[in-house]
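This document opens with one chain alone, in structure tokens, the form predicted on its own.
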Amino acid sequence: MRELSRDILTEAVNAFDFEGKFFDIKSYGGGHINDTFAVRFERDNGSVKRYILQRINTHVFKNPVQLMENIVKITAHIRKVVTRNGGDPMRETLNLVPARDGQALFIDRNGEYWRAYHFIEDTITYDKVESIDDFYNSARAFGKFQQLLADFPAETLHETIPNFHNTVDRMAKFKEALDKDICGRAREVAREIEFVLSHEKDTHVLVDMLNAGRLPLRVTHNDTKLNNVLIDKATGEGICVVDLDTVMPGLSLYDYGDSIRFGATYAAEDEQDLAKVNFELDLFEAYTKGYLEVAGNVLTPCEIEHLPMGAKLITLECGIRFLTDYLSGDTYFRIHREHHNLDRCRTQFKLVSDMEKYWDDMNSIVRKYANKL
């Protein structure tokens, strides 16, 4: 994307139907994909109103129009359900600010795409799990996201990133990278390669069940990390799921599983000392409890039964993607040191191994909370 000039920022600010007199604009958040700003306006009564203004990264999201069509549809649906249930639709979902022409997107003079949201005040996000309560509350928030969209026709959404969580396709891409071995790195990672190949049958499990109609297609978030939940400062509750760019049709098991992959360990994703990388059953239980308390009544028995497989497979998939990128010369994931993607893949494979060790415990925990529904 082009460097942002003050003139372009001013053009974008003036393009949206913001309330009041412009006060200031500042970079906001720690995201690495879109350019995000907090914009402040002073209203006639002297109060200050904040908005989020974003330039969409079209290198990552090739079709911003389709992306925004998805977001418009699902936020409208959530607002309707929240209102019907007596909730606060201005805090429990993202609310778009239209451009002055009434559209959800504004295209600037350089052809770049912009959007704006109302700022949800008095909330906080966490980049890593700091307490079991935080993780539990994020589980309830993602469970509610699934609950609110349970009757939304997922097939009407655009697939913004094709085959994003198709584990069979990820395995095929890995084998292709292994065959080419363009960097001559395969001989260094024989153990990791063997780990992937030994799990090939696993990659078919959920894909085959979806194709056979045993698992339903649902609206999925596809980036269910803790920092994509706004936590209410006063109550500590997760009130709103944000970062909806990857919302599309998929499996609920992968959304659940990605939260477990990210949050059920205290180790960093790129931790080099694997002795510090451990799957934490207490965190797994806290998340499972919170998630099923809210989403359990809309999930099918088959989905609930296979929650542990969702956690294992999404973790395996991430490890495969990191290893594929390492074999291909680190062309997809940004790296900050030599062997960075290799370190990342090893942490994921360590977590998969731990899950297999605790497999009976994981399934017992799921049954424990499923029996309370």
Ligand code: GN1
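In this text, residue numbers run from 1 along the sequence as written. Rigid core here is just the name for the largest C-alpha set that superposes within 1.5 Å across the two forms. For clarity, every value in this text was computed on a predicted model and none was experimentally measured.
There is another form of this protein, the form predicted together with this ligand, and it is not shown here; the text below is about that form.
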Which of 246, 167, 146, 265 has a heavy atom within 4.5 Å of this ligand in the model of the complex? 246
Given a 4.5 Å cut-off on heavy atoms, tell me which of 149-157, 128-136, 223-231, 180-188 is the interface stretch with this ligand in the model of the complex. 223-231
Within 4.5 Å of this ligand in the model of the complex, all of 285, 303 and 358 (non-hydrogen atom): no
Is residue 258 close enough to touch this ligand in the model of the complex, meaning at least one heavy atom pair within 4.5 Å? yes
Any non-hydrogen atom of residue 65 within 4.5 angstroms of this ligand in the model of the complex: no
Considering non-hydrogen atoms and a 4.5 Å limit, does this ligand approach residue 309 in the model of the complex? no
May I ask you to check whether residue 60 falls inside a 4.5 Å heavy atom distance of this ligand in the model of the complex? yes
For a quick check, can you give me the residues of 299-333 that have a heavy atom within 4.5 Å of this ligand in the model of the complex? 318, 321, 322, 332, 333
My question is whether residue 344 is one of the residues whose C-alpha shifts by 2 Å or more between this form and the one not shown, given a fit on the rigid core. no
When the rigid core is used for the superposition, does residue 115 move between this form and the one not shown (threshold: C-alpha shift of 2 Å or more)? yes
Would you tell me if residue 309 moves between this form and the one not shown by 2 Å or more at its C-alpha, with the rigid core held superposed? no
